[in-house]
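Taking the form predicted on its own, here's one chain by itself in structure tokens.
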């Protein structure tokens, strides 16, 4: 008879007591199934950009050292939660077993391939072996198993999109879905870090929403990624700049907006200290959406107050209703983005 588990996974928390799996320091990653859990045979982890960037930097880009760090984190915490960034990522794998009381409205079956849509920072994980890690790709092939709680979101992988491409885009599905909600026709939008994976998807959705009378400005550190946005016609204006250089970004965005600023700012940058660049370029009563896991709530909230900005600050919730379908549809709609991502991730 299966052991009875909590819908939110508190039965897996080892320390500290009385908390949920995400903020917990340590989870029980034994793979004995509770009644309301799903067991997944994992094939690939997609470690989030902020976390992977930090690991790569700490290991000087050495693949073996990066493997050791990831194995050490999972061994210590029972989950893939970077102790510096606090973030995780997501995974793809094959359903191995389903508890009798697992909430299963989609009728997923043993043998189905799925992508989890909840963070690795709350997912019990055991890694037996890292099969492949490339420092320039945040997708890490492993042998191992993971547990999905009853409350955990997931998507059955589509037949028309390769699994690694689906993993890449589903990892950041919350970002373009929030753009779809926040950006209106005629808006002026700025996307910081617009040339990366989440940035490209956000640019596509923003251009779609603003229409011919709107404007989409991209701020991108990498000249190569900036050129990618220009070539794909995913913005009306592209600025090559360091998003941590607040006043440079501010001056250049103001020049493009007749000193009015932007209605909506989307921050996808994977390094710290870009909060004030996002805040200063946004109009009063505008919105800043921080999708970046390198964001400091304290810096953003107190920084906005300090410069007298009455704006709405939204911390990136990776989940939005319909986010998986919306993001996969971008890949289906845009041949150019699909070809780019297939080159990068498949």
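Numbering follows the first chain given and starts at 1. Worth saying up front: this structure is predicted, and the values here are computed from it rather than measured.
The same protein has a further form, the form predicted together with a small molecule, not shown here; the description that follows concerns it.
So the small molecule isn't shown here. In the predicted bound form, which residue out of 33, 320, 304, 50 has a non-hydrogen atom within 4.5 Å of it? None of the others qualify; the residue that does is 50.
Which listed residue (121, 209, 257, 270) meets the criterion of a heavy atom within 4.5 Å of the small molecule in the predicted bound form? Contact with the small molecule in the predicted bound form is made by 270 alone.
Is residue 292 close enough to touch the small molecule in the predicted bound form, meaning at least one heavy atom pair within 4.5 Å? Output for residue 292 is yes: heavy atoms within 4.5 Å of the small molecule.
Contact with the small molecule in the predicted bound form for residue 196, defined as at least one heavy atom pair within 4.5 Å: yes or no? Residue 196 belongs to the contact set for the small molecule.
Counting only non-hydrogen atoms and a 4.5 angstroms cut-off, does residue 244 reach the small molecule in the predicted bound form? Yes - in the predicted bound form, heavy atoms of residue 244 and the small molecule come within 4.5 Å of each other.
Find out whether any non-hydrogen atom of residue 275 is located within 4.5 angstroms of the small molecule in the predicted bound form, and reply yes or no. Contact check for residue 275: no, nothing within 4.5 Å of the small molecule in the predicted bound form.
Using a 4.5 Å heavy atom cut-off, which stretch among 69-77, 168-176, 99-107, 139-147 contacts the small molecule in the predicted bound form? Of the stretches listed, the one contacting the partner is 168-176.
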